[in-house]
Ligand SMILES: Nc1ncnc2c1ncn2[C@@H]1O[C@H](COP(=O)(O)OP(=O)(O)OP(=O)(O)O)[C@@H](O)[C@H]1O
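Just the one chain here, the form predicted on its own, laid out as structure tokens.
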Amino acid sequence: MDKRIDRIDRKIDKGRIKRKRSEDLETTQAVIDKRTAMILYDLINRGYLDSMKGVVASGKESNVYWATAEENGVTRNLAVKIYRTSTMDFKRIWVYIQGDPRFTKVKRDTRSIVYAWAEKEFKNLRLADEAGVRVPKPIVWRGNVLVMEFIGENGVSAPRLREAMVEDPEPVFKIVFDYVVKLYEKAELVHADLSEYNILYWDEPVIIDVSQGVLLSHHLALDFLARDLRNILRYFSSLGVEVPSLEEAYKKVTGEELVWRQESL
């Protein structure tokens, strides 16, 4: 096993961006433990990945790496999201797992919850993509590793909407609102953490970070939907876009009147 670990380490090092920063190395060591390295080794063996490069995003719960794969002689840019098994806030994420009929048999141990969280994002991405919502296209999920489309260029991730230079935000608002409608009507899904921080902008808005997304059958789905709408209405209103009221927007999506059941959301 140690030889295999060394081999995956060499592949990661070979493909890593030359300009290494100490914090990149620290976060890499914190995320890629032996079990994760074996998952990456298997993905490389199966042709899903060719090489991993630098960290493009580092968060409390996961790291995202730029990776490449050869497909019919063409280099494909990929994002590899590796969920941390040591710093995940289990109390926070359990509310999004509990009540999801897809994950009724998840054990309460650390690794099982992290694996379920990664699987949840993969399945939610697939539902969103099939519904016509622009998300990073999911490719494969194994354990705490998710491989998906890379949104950006040459290893530089597209900016989050909050930091993007958008000349005319009104059509962007319409697209984002349409995404919310499609998620609700076609995917029967609510993002549950939608804001300007979970949307990339790459000539068009791209929804990301959907691991906490819940099916409409979840007991808090409509409360999460109202919170998502409140966030995007507040943001686009701050940019000068004329937006509907929260009550109007909620009714456009659901056809029902807004009733808050969880004031703390």
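Keep in mind that this is a model prediction, so the values were computed, not measured. The first residue of the shown sequence is 1; numbering continues from there.
The protein also exists as the form predicted in complex with this ligand; that form is not presented, and the subsequent description refers to it.
Heavy atoms of Leu239 never reach within 4.5 Å of this ligand in the predicted bound form, leaving it off the interface.
Though the partner is left out of this view, Lys120 does not reach within 4.5 Å of this ligand in the predicted bound form, counting heavy atoms only. In the predicted bound form, this ligand lies farther than 4.5 Å from every heavy atom of Ile39. Contact annotation for Ile139: none of its heavy atoms lies within 4.5 Å of this ligand in the predicted bound form. Among Ala192, Ala131, Met148, Ile97, the residue placing a heavy atom within 4.5 Å of this ligand in the predicted bound form is Met148. This chain appears without its partner; in the predicted bound form, the one residue of Val176, Ala79, Ala116, Ile93 with a heavy atom within 4.5 Å of this ligand is Ala79. For the three marked residues, Thr68, Val74 and Asn154, no heavy atom of any sits within 4.5 Å of this ligand in the predicted bound form. The stretch that touches this ligand in the predicted bound form, counting heavy atoms within 4.5 Å, is 195-203, out of 231-239, 213-221, 195-203, 41-49. Heavy atoms closer than or equal to 4.5 Å to this ligand in the predicted bound form belong, across 209-234, to one residue only: Asp209.
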